[in-house]
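Shown next as structure tokens: one chain only, the form predicted on its own.
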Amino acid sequence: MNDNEKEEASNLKEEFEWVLREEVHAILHQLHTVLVECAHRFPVPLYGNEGQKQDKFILTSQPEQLKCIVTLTGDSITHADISFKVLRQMHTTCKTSINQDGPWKLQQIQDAANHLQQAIGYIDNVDKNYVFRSSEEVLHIIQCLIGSLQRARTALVLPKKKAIDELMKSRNMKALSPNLPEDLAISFYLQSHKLIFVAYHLSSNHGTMRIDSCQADCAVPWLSDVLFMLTAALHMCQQLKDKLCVFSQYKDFTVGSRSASTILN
């Protein structure tokens, strides 16, 4: 190795040690700040956030086929006045409601909150004075963070939709007042920054089951904020991961590869 190569390797090691000693902790602190702010936007108790925030929404579809006035408290619809015209029987209007005795739980909210709580916990478990010895140590934490944040985001963006027979047998459907006829079903779920309401009508045509549906949606402001912060946090994680992956190509790059006096200066 010539003098230029030695100097380049030495400079690279110095940068690597600075990243482990200073930049990793700085980025983890920034991530913590973003994620705690994200947690405080959730309507459920989460990392010091009291939760139980209440919002009211009106969902309608044209031409006046469906109307739903919803009160969202925490992770549940605690009240809703629902009316919709049965498809292919537009002269027939069906009405039902949700009340506090049988709220409609939106499990996506609690699932996302749990994954976010887990992500914050990974950062909380890192002592501020801890000296990282290798890129592998940091990459392990970053991978755990990315996994939790991706699961939190996915829970809100890609809802797990139930099969129609599973939906009709669900606790949520049985809590409606009055109960819907056996050939009708409804569903609420979150998708990206919106609350979605869907009405289903089941019918049989010459022995073949047919499902018609109509839906309405409305924007949920806090969801937009949460998704923006989760995306920003994932971007920060990816940037740090990319930087560390460059150093991890050099297997001899550990803090111990330089003298202690150099490291502490």
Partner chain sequence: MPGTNLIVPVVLWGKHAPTHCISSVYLSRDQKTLVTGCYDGQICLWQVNPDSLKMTPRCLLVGHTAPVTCLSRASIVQDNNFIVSSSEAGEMCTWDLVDGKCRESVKLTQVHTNIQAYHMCNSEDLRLFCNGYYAEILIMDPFSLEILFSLSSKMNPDWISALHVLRPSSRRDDVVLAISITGTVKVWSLLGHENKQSEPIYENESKQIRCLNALSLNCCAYNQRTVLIVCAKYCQIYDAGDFSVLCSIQAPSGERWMSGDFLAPDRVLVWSTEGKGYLYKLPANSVPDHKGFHGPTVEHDSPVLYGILAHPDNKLLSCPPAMRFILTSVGGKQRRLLLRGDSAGVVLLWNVDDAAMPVPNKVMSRAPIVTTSLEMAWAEMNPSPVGILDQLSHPDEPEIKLTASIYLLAANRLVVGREDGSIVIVNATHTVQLQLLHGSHQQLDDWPPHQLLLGHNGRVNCLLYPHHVHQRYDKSHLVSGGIDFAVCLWDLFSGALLHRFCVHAGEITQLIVPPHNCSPRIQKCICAVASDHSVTLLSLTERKCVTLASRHLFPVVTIKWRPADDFMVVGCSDGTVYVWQMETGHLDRVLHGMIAEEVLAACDETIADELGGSLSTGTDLQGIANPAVHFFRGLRHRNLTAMRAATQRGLAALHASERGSSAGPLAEPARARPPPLTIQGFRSNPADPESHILFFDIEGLIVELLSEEYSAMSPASLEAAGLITSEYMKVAALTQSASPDAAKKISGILAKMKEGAENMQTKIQAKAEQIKNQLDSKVVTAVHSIKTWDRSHESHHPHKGIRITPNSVEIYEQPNDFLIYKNMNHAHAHRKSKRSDVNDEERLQILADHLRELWDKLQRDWQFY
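Numbering follows the first chain given and starts at 1. Predicted model, so just to flag it, every value in this text is computed and none were measured.
Note that the form predicted together with the partner chain isn't included here; everything after this is about it.
- Although the partner is absent from this view, R171 contacts the partner chain in the predicted complex, with a non-hydrogen atom inside 4.5 angstroms.
- In the predicted complex, the partner chain lies farther than 4.5 Å from every heavy atom of H79.
- By the criterion of a heavy atom within 4.5 Å, I164 is excluded from the residues contacting the partner chain in the predicted complex.
- When contacts are judged by a 4.5 Å heavy atom cut-off, G74 does not count as touching the partner chain in the predicted complex.
- Against the partner chain in the predicted complex, the set Q150, P159 and Q191 is in full contact: each member has a heavy atom within 4.5 Å.
- This chain is drawn without the partner chain; in the predicted complex, the residue among N179, T92, Q100, N125 with a heavy atom within 4.5 Å of it is N125.
- Residues D111, N114, H115, Q117, Q118, N125 are the ones in 111 to 125 with at least one heavy atom within 4.5 Å of the partner chain in the predicted complex, listed in sequence order.
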